[in-house]
Ligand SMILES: Cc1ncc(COP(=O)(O)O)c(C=O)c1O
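Quick heads-up: it's one chain on its own, the form predicted on its own, in structure tokens.
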Amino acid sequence: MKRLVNKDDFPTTKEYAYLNAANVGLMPVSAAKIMTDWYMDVAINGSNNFNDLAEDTAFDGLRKQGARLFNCQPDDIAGGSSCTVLLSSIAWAIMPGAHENVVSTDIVFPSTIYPWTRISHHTGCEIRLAKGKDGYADVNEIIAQIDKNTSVVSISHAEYTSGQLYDLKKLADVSHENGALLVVDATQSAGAIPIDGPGSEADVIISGSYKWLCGPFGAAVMYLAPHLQAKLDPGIIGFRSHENMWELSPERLVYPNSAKRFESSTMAFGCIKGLEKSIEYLLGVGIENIYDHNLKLSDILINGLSDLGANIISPMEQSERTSIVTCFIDGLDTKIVIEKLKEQDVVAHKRQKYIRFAPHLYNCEDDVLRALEALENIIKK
């Protein structure tokens, strides 16, 4: 397999077989430089360069790159400090009432449902969690929870434990048939899997930046469908929420008729610059190319793990697969396995009782073979 990127862009790959993008993705040096240069400039020069205009337009580049990422318009994109903050603002904007329900799964990453749980404490809305097992939930079990009282279906596009991928269009169709919105956490998919925001018909798609988008902590990107942009009253607002942020009067609050209304206040703008650059880097490689590359690596990983007798819990159905490959090995303590892998310069991650491998664009076949060899050594000992 041909290497997709230069090792110099991700220096850690020269030493480690870093198979841990589902936990923390590596950031290209060019994106890290943009971010650190921004912080250094503000630290030394204050507002000399970061003036009112620069602050007003701080998100413009991210909106442009986010629109390319999600195949939409820049007005459909908002930036924020984290997936959780943007999702919380969306949750309070929708605020399902006492006779409504929110549908998710009991295997979802907690931050995907917690904002809705908080709403339930306020309004009394019902939280319905489809049952899953070993990081997998049948999409039909999710659909079975949806009815005419469903306000929101809130799911992860890819489950963080097993890497299971959901068909967004299928869930959007059922949600809309019942008058509900589909809200998607794409933190485990954006950057590694092509996502067509309008084509998926999801109403909201939000992704943190520090996993498959290869960005920094402290930034996130959101796609908001056009039909909601003039409708939702954000749950978190600040001086940036007004359509002209520098008209500084407490007597008015007029939101922009775009996703921009969810960009509320001052934040670590350097992180936004880093995310902008990392998305641009990934798009330069091509998300389709990254997706194909990562699945080929996971094929090698799955075959090798099977030969070693590992119990793989990640789905094998092509339509449900990502490059997250999760397993456990009978008789071995996962915590110790992860530690022993690290001693052999292989980085994977422990999730519950499982070993989770997550190769990305900066990995190559040699990294996977190195991981398999290291795991074989551990098993033999």
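All of these numbers come straight from a predicted model, not from anything done at the bench. We number the residues from 1 along the sequence you see.
Here the subject shifts to the form predicted together with the ligand, a form of this protein not shown in this document.
Shown without its partner, this chain lists K211, K273, H293, R261 as candidates; in the predicted complex, only K211 has a non-hydrogen atom within 4.5 angstroms of the ligand. Here is the short version: of Q229, S298, T150, T112, the single residue with a heavy atom within 4.5 Å of the ligand in the predicted complex is T112.
Here the chain stands alone, but in the predicted complex its contact with the ligand, taken as any heavy atom within 4.5 Å, falls in 152-160 among 168-176, 251-259, 152-160, 125-133. A residue is said to contact a partner when one of its heavy atoms sits within 4.5 Å of a partner heavy atom; S200 fails this definition for the ligand in the predicted complex, lying far away.
With a 4.5 Å cutoff on heavy atoms, D76 does not count as touching the ligand in the predicted complex; it lies far away.
Under a 4.5 angstroms non-hydrogen atom cutoff, the ligand in the predicted complex lacks Q145 among its neighbouring residues. Residue contact check for L282: none of its heavy atoms lie within 4.5 Å of the ligand in the predicted complex. Residues are counted as partner-facing when one of their heavy atoms sits within 4.5 Å of the ligand in the predicted complex; in 185-201 these are D185, T187, Q188, in sequence order.
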